[in-house]
Ligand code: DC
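Before any questions on binding or motion, here is one chain by itself as structure tokens, the form predicted on its own.
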């Protein structure tokens, strides 16, 4: 298989990879795909439908019957069965639901197929936790974005306060992040890893500098792969 038309951005929860991916796609005029939003939406919707996460048969039936849509409009990033979940999937407790449901093999298979279909028509920027390792192992450009847990927690706390969620402490968010990292790295199916061909990028306090680094590397990788951006 030749190089796939995908810029794969992986990294732990809260590392800023979503923001980086969105800005990179916008700067280069490419399609942006947020895979984390898909897991969050499935986790939230399964809970609302009282589907037991531990019952593989019911989870599979759930997947067989839902209507999942991505990129419906500028306002609607993701919806299931006609319900716009764009805002609700960013609630703090949905992170745990996403972590749990992402460990179920049939869920990952369902979304990998969905993601691959989205990326068949044009060059795209796709971010998640196993994009470069599992979903698009031959992506022409791969990044692994990381940030210290303390910085990730600080950003998350500011984000939650802006939404009016002020009951969580910095210490609680750090604990949640560390638990999510351990779960993602140690799960049996598609664990979070940095592949050998992925460029490690530390996303510090200068987002502008991070973005410039991503753009520069992407353009060089595109030339090497003979891909016209």
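For clarity, every value in this text was computed on a predicted model and none was experimentally measured. Positions refer to the first chain, counted from 1.
There is also a form predicted in complex with the named molecule; it is not shown, and the following applies to it.
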*Honest question, do 3, 142 and 195 all end up within 4.5 Å of the named molecule in the predicted complex by heavy atom distance?*
no
*Counting only heavy atoms and a 4.5 Å cutoff, which of 168-176, 34-42, 66-74, 53-61 contacts the named molecule in the predicted complex?*
34-42
_Since only the chain is shown here, I'm wondering whether residue 187 would be in contact with the named molecule in the predicted complex (any heavy atom pair within 4.5 Å)._
yes
*So in the predicted complex, does any heavy atom of residue 147 sit within 4.5 Å of the named molecule?*
no
*asked:* Within 4.5 Å, heavy atoms only: does residue 98 come near the named molecule in the predicted complex?
replied: yes
*Can any non-hydrogen atom of residue 155 be found within 4.5 angstroms of the named molecule in the predicted complex?*
no
*For the heavy atom contacts within 4.5 Å of the named molecule in the predicted complex, list the residues of 103-142 involved, in sequence order.*
108, 128, 129, 130, 131
